[in-house]
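First comes one chain, alone, set out as structure tokens in the form predicted alone.
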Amino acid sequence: MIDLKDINKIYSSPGGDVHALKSVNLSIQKGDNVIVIGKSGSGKSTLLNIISGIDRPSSGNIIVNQQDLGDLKENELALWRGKNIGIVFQFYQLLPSLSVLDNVLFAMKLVNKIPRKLQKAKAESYLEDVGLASKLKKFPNELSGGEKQRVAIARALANDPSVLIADEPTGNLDSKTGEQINQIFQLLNEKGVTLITVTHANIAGRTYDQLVYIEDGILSYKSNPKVKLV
């Protein structure tokens, strides 16, 4: 489903070039649950940006759902990402002037993958799935951190993406709320969503298909499949 082939990413800076990813090769199958672990500056966010098409590699190829992202122009890539990739950020990035429901609807209206007559019902359904059916008319400043992250998850699911990417989704939350968010991700993965999560959090007890360590832009270890951490 996702193939990264000899990916390199080099950023130019006043102090010289920064080699953020070095000859990265990674294959992710449909429905996999992948956990990415790495220290700050190791290249893990760059890896997510490459997979999602937010950033382009300096060299190498990335193919998602049989689409070579290098063949797409910028406007085509943005539309492709909106239809195929859901992204959950650590700091939520909700629109403060929109209600909970409208934050999810806004994501749908950007790409119109979901027929307009179905959008409201689907948005409400996703918000119900993450336990926010009673908060549809609330605004982000009226929500707790955990509630904001659940809105962000519903928004990421708005266009029925085949891949859900989460960049430190529990980094801003207490341990109890973080575990609730992880349980939501686990349920989504069990429903067939391909899940890629970057985390610093304790992963004991969590199941995964691939555990990927990244250090200095190099994927240093990938787990055997179908392992449960204990």
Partner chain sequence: MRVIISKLLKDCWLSKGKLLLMLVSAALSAWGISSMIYSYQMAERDFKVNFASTYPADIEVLIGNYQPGLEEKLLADLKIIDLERREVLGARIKNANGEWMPFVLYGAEDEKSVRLNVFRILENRTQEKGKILIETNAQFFLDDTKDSIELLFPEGETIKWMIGGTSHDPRLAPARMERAVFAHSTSLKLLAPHLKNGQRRFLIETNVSSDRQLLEEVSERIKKIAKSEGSEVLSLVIPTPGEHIHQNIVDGISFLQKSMGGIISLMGIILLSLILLTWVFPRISDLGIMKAIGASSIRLFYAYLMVLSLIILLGLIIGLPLGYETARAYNNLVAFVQNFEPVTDAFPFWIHLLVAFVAMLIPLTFAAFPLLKASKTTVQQAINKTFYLANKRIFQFSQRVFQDSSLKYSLNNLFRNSSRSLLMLMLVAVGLGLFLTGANLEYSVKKELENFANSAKYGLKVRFSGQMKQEEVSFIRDLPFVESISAMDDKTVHYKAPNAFHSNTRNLRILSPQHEIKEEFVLLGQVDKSCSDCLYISGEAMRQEFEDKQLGHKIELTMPSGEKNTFVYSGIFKDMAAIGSPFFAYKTSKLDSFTALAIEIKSDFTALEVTNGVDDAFLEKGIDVAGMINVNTRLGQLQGHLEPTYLIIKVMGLVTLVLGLLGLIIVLNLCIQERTRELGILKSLGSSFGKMVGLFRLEFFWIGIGAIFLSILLTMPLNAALCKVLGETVIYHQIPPRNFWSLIGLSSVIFLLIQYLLITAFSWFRIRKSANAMMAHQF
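As the structure is a computational prediction, the values presented were derived from the model and not from experiment. Residue numbers count along the first chain shown, from 1.
Not pictured, yet referred to below: the form predicted in complex with its partner chain.
Although the partner is absent from this view, I87 contacts its partner chain in the predicted complex, with a non-hydrogen atom inside 4.5 angstroms.
None of the heavy atoms of S125 is located within 4.5 Å of its partner chain in the predicted complex. Contact annotation for T199: none of its heavy atoms lies within 4.5 Å of its partner chain in the predicted complex.
When contacts are judged by a 4.5 Å heavy atom cut-off, I63 does not count as touching its partner chain in the predicted complex. Site residues K148, T170 and T207 are none of them in contact with its partner chain in the predicted complex, judged by any heavy atom within 4.5 Å. Note on the partner interface in the predicted complex: the residue among L118, A133, L72, L110 having a heavy atom within 4.5 angstroms of its partner chain is L110. Taking its partner chain as it sits in the predicted complex, the stretch 79 to 113 comes within 4.5 angstroms of it through a non-hydrogen atom at L79, R81, G82, I87, F89, Q93, L94, L95, P96, S97, L98, S99, D102, L105, F106, A107, K109, L110, V111.
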